[in-house]
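Taking the form predicted on its own, here's one chain by itself in structure tokens.
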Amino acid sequence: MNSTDLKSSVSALYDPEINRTFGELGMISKAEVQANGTPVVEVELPTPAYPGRERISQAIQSLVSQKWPGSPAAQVSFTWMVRGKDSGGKIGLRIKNVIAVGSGKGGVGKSTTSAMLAYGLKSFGAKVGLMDADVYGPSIPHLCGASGQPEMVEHRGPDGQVVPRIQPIEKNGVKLLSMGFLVKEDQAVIWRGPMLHKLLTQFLAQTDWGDLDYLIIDLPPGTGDVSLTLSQLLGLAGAVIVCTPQKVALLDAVKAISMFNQVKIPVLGIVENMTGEIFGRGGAKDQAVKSNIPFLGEIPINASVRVLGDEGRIADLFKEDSPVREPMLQVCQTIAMQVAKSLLETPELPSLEIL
């Protein structure tokens, strides 16, 4: 065995999650045989939320033992580097993937799911931001227990010009921005579309988000101006549809899917929220099959989600003693993997043309 043979053999193995060879995916960052004959393989994952690392390790160890009987056991280690579409590149952002979270109607737990996704991806080690695009009914500050008013800090651009940049509020390691930080809780926002477009542009192009692996955008319910604005400004990694199991919610979810397709935002799939005895189970999964899009998993209806959301402690859903921790982590993993798969299948997104 030598290092060249080892890398060639390991690169020919199929990734169990994306069903491509490790070589095609560029996931083998190191493969060498040490002086004592021990094969050492380092696998670079496309997201820290990658599931099934044990399967990869076992596949590599099995390959080595079968192809080179009697050799020392392979030492397999993992690193990760989030791959992305450079979603905010055309407006100067250093964000690898922007994920929009939407629904066809209100009351399905879209904002809770957005916050859950942000803190779930952060729990895996990713750098995450969460933007509340629901200008008329912002709830992210309350769910995350965040308060204060974002500061304006002057930055010097590449051309030497000094420009003011909004500094997001950081809470439990996630960068947050919301209209809720700019108005009083009892103050209504009464704006027409152009004002909405201007604010969203400021929240994106004029905000110092820094280097992020994922920016989660909580959309307002329904179909409207916000999705059009996002499709013009960003090359989104995709959209997640949140839906409860009952038929009335599914009817509106179908409209959301149609809207994202029309504005050329890829649909990553559907999440079924509030699964359980009250609303039933499986409706969103059936709809995913009918709509030919991925089913991203279930979030069970559980009092702890409501309690922690009401108390502004949504990040605590991922503590070891949380009864919903595991299903939520699975949903986050599935979404992160869907982003990685989408990147490989559609390397470049078409832009929306406004005629």
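Given the structure is predicted, the values throughout are model-derived calculations rather than measurements. Just count from 1 along the sequence shown to find any residue number.
The same protein has a further form, the form predicted in complex with a small molecule, not shown here; the description that follows concerns it.
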L329, V305, A315, L45 - the one with a heavy atom within 4.5 Å of the small molecule in the model of the complex: V305
With the small molecule left out of view, which of M179, A256, A74, V108 would have a heavy atom within 4.5 Å of it in the model of the complex? V108
For V41, is any heavy atom within 4.5 Å of the small molecule in the model of the complex, or not? no
Taking heavy atoms and a 4.5 Å cut-off, does V33 contact the small molecule in the model of the complex? no
Using 4.5 Å between non-hydrogen atoms, is T112 touching the small molecule in the model of the complex? yes
Do L63 and the small molecule share at least one heavy atom pair within 4.5 Å in the model of the complex? no
Which of 144-152, 267-275, 225-233, 171-179 has heavy atoms within 4.5 Å of the small molecule in the model of the complex? 267-275
